[in-house]
Each structure stands twice: as structure tokens, then as C-alpha cells.
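Here's a solo chain for you in C-alpha cells, the form predicted alone.
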């Protein structure tokens, strides 16, 4: 009997250990499974979102697929069934419309950045400190985004109208379908001047080159950029997590660093 006692105690210990393991597992449920979120973003914010997404994927394990374009074009795609989960627009109007039209989850809309417009040239000295005198002077082409589909294009037109120069320059305007294409017109010197997002002029690829005039905010309607959870993503945990992540301190720091305002 003395020989059996150690074996009996070992079996009891093993059984107790198994029970404790089960108990610990019950107390510590597995983390939520990683998901994929499909995001549509206005061209002006695409590079900034890319930096934030890199951090988001590292911190959460979720995967993000990003498509970019003009806000107007993306809005039309969503209304025609494009399977996006989240929309980062360059304005507040289109996310609001999507809520009203039943394509977005009501109450999910939030401002993630306030855009800033600048008159920029890849040529040093081409843009003077006084933007009005620059636009009143001699140049062949002025690039701007399409006012009908791109919020930055609408802000550019409003600026020219506020300065009383719309009729003076309208025949020299070359339009980009979005602010990204507009920026390329100026970078490639196909347009000497261009209204672009300040974030583009501050991008590492061109920072410190060329010349610019930052447009005073009172010359155009606020470029309040809003994001919204689309109906397609209402049950997607990664979609909700991304919207929350963009408003966390580390993301807001990135957004301000690259030239946007924060409300």
C-alpha cells in the first residue's frame, strides 16, 4: 500500500492540474479574430491614411485594403454598390448624404481632419507671399481639382471667386479629376501653379522645394473631412476599430504633422 500512495497522489495532482488549466482557459477567452476592412479614401488623405494603417495593422492584427479617388467619384461608386466598409471623404457633405440615403450607419459619421489649401509651384520663387499678385501675374497654366467632384477643387474655385480672379484665370485652368492628379500636374511642370492640399506640399518627396502661399481659411468653405461607417461594414469589427483608431492620440499626431487641422 505504501508503494501505491505516491502513484495515487500523482494522479490526483495531474487531475487537479488539468482542472486548473480548464479554469484558466475559461477565465481568458481567445482574442477576437482578425478581420479585413475595405476602405475608400479621398486622394488627398491617402498617404496619411497609409501611415496610420501601417500602425493599425501592427497593433490590431486586422488587414486593411485601401482604394483612393475623388470624394465625388467614390460617393457614386458606393451608391452603385461598391463593397466598401468605411469611407474617408474630403468633405462632410457626402458622408452626410450617404447616411440620409441609407448607405451609411446613422451616428457613425465623425470629422477626422480639417484640410488646408495652398497655392504651390515646383519652381522656387514662382509663388509670392501675396497670392493675389501671383495669380494676377503672367503664367500659362493653373492646376486645380474638378470643383464638381473634389472638395479641394470647390475650395479652389471659391478662393478665386473671393479674390475676384475667377474670370481672369478660368481660361488657363487645367483640371485634375482629383487632388492627386492636380498635384502631379504641378510636380511635372505641366502647370506652373496649382491649388493643392497643404499636406501634399509638405510631403517628404517635395518638402522644402518650390514655393507656396497658404490660402487663408476665410476665402473658402471649411474643408471639414469626415469619415463614416458604411452599411456594408456595420458588422465588421475591423471597420469600427479603424474609425476609432484614427481618432486616437498617435493618429491625430500624424494627421497634424502632415499639415491638417484637428477639431
Partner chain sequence: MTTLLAMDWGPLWLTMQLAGVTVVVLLALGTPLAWWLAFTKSRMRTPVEAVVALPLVLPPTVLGFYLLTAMGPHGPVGGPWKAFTGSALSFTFTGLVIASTLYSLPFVVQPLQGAFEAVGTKPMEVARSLRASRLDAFFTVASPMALRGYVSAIVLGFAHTLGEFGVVLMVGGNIPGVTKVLSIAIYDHVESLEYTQAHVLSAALLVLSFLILTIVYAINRRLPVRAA
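Residue numbers count along the first chain shown, from 1. Small disclaimer: the values here were computed from a predicted structure and weren't measured.
In what follows, reference is made to the form predicted together with the partner chain, a form of this protein that is not presented.
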> Tell me, which of 108, 159, 146, 134 has a heavy atom within 4.5 angstroms of the partner chain in the predicted complex?
Replying inline: 146
> Among the candidate residues 169, 82, 73, 163, which is the single one with a non-hydrogen atom no more than 4.5 Å from the partner chain in the predicted complex?
Replying inline: 73
>> On the criterion of a non-hydrogen atom at 4.5 angstroms or closer, are 38, 68 and 207 all touching the partner chain in the predicted complex?
In response: no
> Though only this chain appears here, would residue 129 touch the partner chain in the predicted complex if you measure heavy atom gaps against 4.5 Å?
Replying inline: no
> Should residue 140 be classed as touching the partner chain in the predicted complex when contacts are defined as heavy atoms within 4.5 Å?
Replying inline: yes
>> Given that the partner chain is not shown alongside this chain, does residue 173 nevertheless sit within 4.5 Å of it in the predicted complex, heavy atom to heavy atom?
In response: yes
> Going by a heavy atom distance of 4.5 Å, is residue 94 a contact of the partner chain in the predicted complex?
Replying inline: yes
> For the chain shown here without its partner, which stretch in 190-198, 230-238, 54-62, 216-224 has non-hydrogen atoms within 4.5 angstroms of the partner chain in the predicted complex?
Replying inline: 190-198
